[in-house]
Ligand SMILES: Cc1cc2nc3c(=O)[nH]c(=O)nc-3n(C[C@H](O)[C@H](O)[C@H](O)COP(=O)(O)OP(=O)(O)OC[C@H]3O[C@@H](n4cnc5c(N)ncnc54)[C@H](O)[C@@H]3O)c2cc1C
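Below, in structure tokens: the form predicted on its own, a single chain.
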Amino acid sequence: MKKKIVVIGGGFGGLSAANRLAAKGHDVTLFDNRDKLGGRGYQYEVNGFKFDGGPTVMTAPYIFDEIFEAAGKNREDYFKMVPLDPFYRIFDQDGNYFDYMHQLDDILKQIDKWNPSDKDGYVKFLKNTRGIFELFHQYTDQPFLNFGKMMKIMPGVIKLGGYRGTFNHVSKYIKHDFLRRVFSFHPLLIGGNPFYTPSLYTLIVQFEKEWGVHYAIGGTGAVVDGFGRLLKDLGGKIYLNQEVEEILIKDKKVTGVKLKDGSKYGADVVISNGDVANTYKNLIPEIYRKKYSDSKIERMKYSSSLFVYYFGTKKRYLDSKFSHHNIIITDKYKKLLREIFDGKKMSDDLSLYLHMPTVTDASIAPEGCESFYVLALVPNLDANIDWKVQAKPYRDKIVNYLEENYLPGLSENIIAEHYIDPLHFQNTLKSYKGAAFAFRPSLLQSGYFRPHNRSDEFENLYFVGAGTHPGAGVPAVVSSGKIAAELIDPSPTNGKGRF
């Protein structure tokens, strides 16, 4: 039966669900409050440079391919992806680096440069991550709506040590301090502290080993654009600069949405790709909510936020040490993370992720120029930081650090720049507390314990994105769209789309 479906937000999760449901013939309308689709994957354009706004690490291309195949289309007709190797270049505080490669032999050669005795431990660690992957992978595109499913996998979690903090878990296998940091950083990609995030999230390691790390030519914006074009090809409607102000409720069911301009749109189903906490707290009056009361939302644990500085230079830096994806992890790593996740003020230290996509794709910058973005984890808005005052000095601190250590003459060569901070996550992306990855990926906020893809409050309200199962990160968010779409309409597609 054809349903009228409204999708709030055009991020990866919303676009994933919208395309799957449009391919099944449903009437899909998507509203986004910005001038372009993308959500956290929004692409900024400044002085001829294209800067990917948020996620840049893409694994498992099959997750994207499935969506286009369900519509009878070929993903490569919409955007192209290329594999990267190394996946990441990881630096210590002295500028020495480890190339995190795809193939085991290449990784072992890198370990050999740092601590040869850790090679056997790494092989054992990989065997453990394979076990975690085999236990959890089947659930990464399936709903977690009942507690019994969670209990079914708990013996495996305990056996594999998946409940331990990732850093401590890695330390069982790896003895060199820097290598422990190298092999435990993955929780940072999903808003978690490696010292506390359960090691069940090392399944990300195996995702990368299985399918590689990829880059979309034209940047993340090319993926977003491809999804948007597919939705239009399938007859879906997209309305930009249209902010949803309220989700309408009657008799414990969602009946549609009201926009900020006062107009109303009826719907049989509403899918929120907005922040889950913000959706419940600010789009649905508390009188209608029982489980997700304002006090419950306040009690939940939230991820860090981000300061992201985008900049383009009038010269190339091809002689720098940087690769495509770079991570700088200093020896004050543990102290820094404690201050970010538990502190109430800005840390004096820096650990950075630096994206240098022009190494792979010169098309996203003017000829002879280089494009960068550098990301720093910072506390969310629970911290006592006035970003209206602190943003510019923090930007300067990052530029000075990079200029002194990696990119000589940087400040005089910058010809395009932009930054976002926790206030952007709160005010533009509507993320509660400015948390960049929604809820922290803790054991008690994962799987069944994470807000469900189908609302517990209203039977025809669904959630996609980082705040619901399976969590943050591009593959997980795209998979959340599949989960929601299958819950709404489990009928198979014929691979021909709606036409």
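Being a predicted model, the structure only gives us computed values, none of them experimental. All residue numbers refer to positions in the sequence shown, first residue = 1.
Separately, the form predicted together with the named molecule exists; it is not shown, and the next lines address it.
Contact annotation: of the candidates D112, E286, E210, E243, the single residue with a non-hydrogen atom within 4.5 angstroms of the named molecule in the predicted complex is E243. Contact with the named molecule in the predicted complex, defined as a heavy atom within 4.5 Å, holds for exactly one of N460, N33, Q445, T29, namely N33. Residue contact with the named molecule in the predicted complex: A60 places no heavy atom within 4.5 Å of it. With a 4.5 Å cutoff on heavy atoms, I67 does not count as touching the named molecule in the predicted complex; it lies far away. A residue is said to contact a partner when one of its heavy atoms sits within 4.5 Å of a partner heavy atom; G54 meets this definition for the named molecule in the predicted complex.
By the criterion of a heavy atom within 4.5 Å, N273 is counted among the residues contacting the named molecule in the predicted complex. Checking 341-349, 142-150, 370-378, 93-101 against the named molecule in the predicted complex, the stretch whose residues place heavy atoms within 4.5 Å of it is 370-378.
Taking the named molecule as positioned in the predicted complex, the residues of 411-444 that bring a heavy atom within 4.5 Å of it are, in sequence order, F425, T428, L429, K430, A436, F437.
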